[in-house]
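Form predicted alone, single chain, as structure tokens, below.
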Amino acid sequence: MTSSDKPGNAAEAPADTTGTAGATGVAAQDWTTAAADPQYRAAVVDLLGALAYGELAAFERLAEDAKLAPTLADKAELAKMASAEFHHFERLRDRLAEIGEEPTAAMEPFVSAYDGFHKQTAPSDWLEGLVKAYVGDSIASDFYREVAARLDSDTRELVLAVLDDTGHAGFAVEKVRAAIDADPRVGGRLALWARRLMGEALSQSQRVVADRDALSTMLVGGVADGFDLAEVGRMFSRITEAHTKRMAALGLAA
């Protein structure tokens, strides 16, 4: 996913809750120790499966969006980003195999959600594709960073690595801002498009969390009573705030 891209100083992601200083519980353990808990292991397999399919889908989408690129240089830039996404997919696939899980089986539960999101948000032109990659993927990245705070040290390191910047943020901001400067009317259309992306992305993320019991329990810190709607609500509020900042970076109204 291009989701963790950082648009310079114009917008900031949610506060980093993934640091290891003062970590306790699972966050202070390595994979071998943490995976002794079958529920935790199931949650991590879900997480890696979701991320792996997300990266594969991002690769496919970027390769497809390259066809809309107005110049050869733009086409090459998207191809480079697509290659980075596929490399992220390979790392996740290999990690699943390393811990004794079949990668395809781990990804399968998330195919419908990802494919549904991409079907509902197919861009009609180059600029919509850039906004989708920047805004839509960033929302997913924020979600996974929230989850990473509750992971064992080995898994957390991998997750943060595959959320690394592929360069799409700065590229998207530059191109979208230039298009708005050239024709301010573009801004209104893209702002509406970004709001739609936000709604679809949050809807799909909430559905994934609600459908996967182990993942939702880990997300709220292993609460014995299960799904804590209040905590999940606060998480999505933080993600929404970050989205507003990214919209400002693009020169769009949230």
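Note that residue numbering begins at 1 and tracks the sequence as displayed. Being a predicted model, the structure only gives us computed values, none of them experimental.
Beyond the structure shown, there is the form predicted in complex with a further copy of the same chain, which is absent from this document and is the topic of what follows.
For the residues Glu90, Asp164, Glu157, Glu101, the 4.5 Å heavy atom test against a further copy of the same chain in the predicted bound form is passed only by Glu90. Contact with a further copy of the same chain in the predicted bound form, defined as a heavy atom within 4.5 Å, holds for exactly one of Trp31, Tyr40, Tyr53, Trp193, namely Tyr53. Interface residue remark: Ala201 is not counted as part of the site for a further copy of the same chain in the predicted bound form, having no heavy atom within 4.5 Å. At a distance threshold of 4.5 angstroms between non-hydrogen atoms, Lys67 is in contact with a further copy of the same chain in the predicted bound form. a further copy of the same chain in the predicted bound form comes within 4.5 Å of no heavy atom belonging to Asp211. Using a 4.5 Å cutoff between non-hydrogen atoms, Ala76 counts as a contact of a further copy of the same chain in the predicted bound form. Of the stretches 123 to 131, 107 to 115, 141 to 149, 168 to 176, only 107 to 115 has residues with a heavy atom within 4.5 Å of a further copy of the same chain in the predicted bound form.
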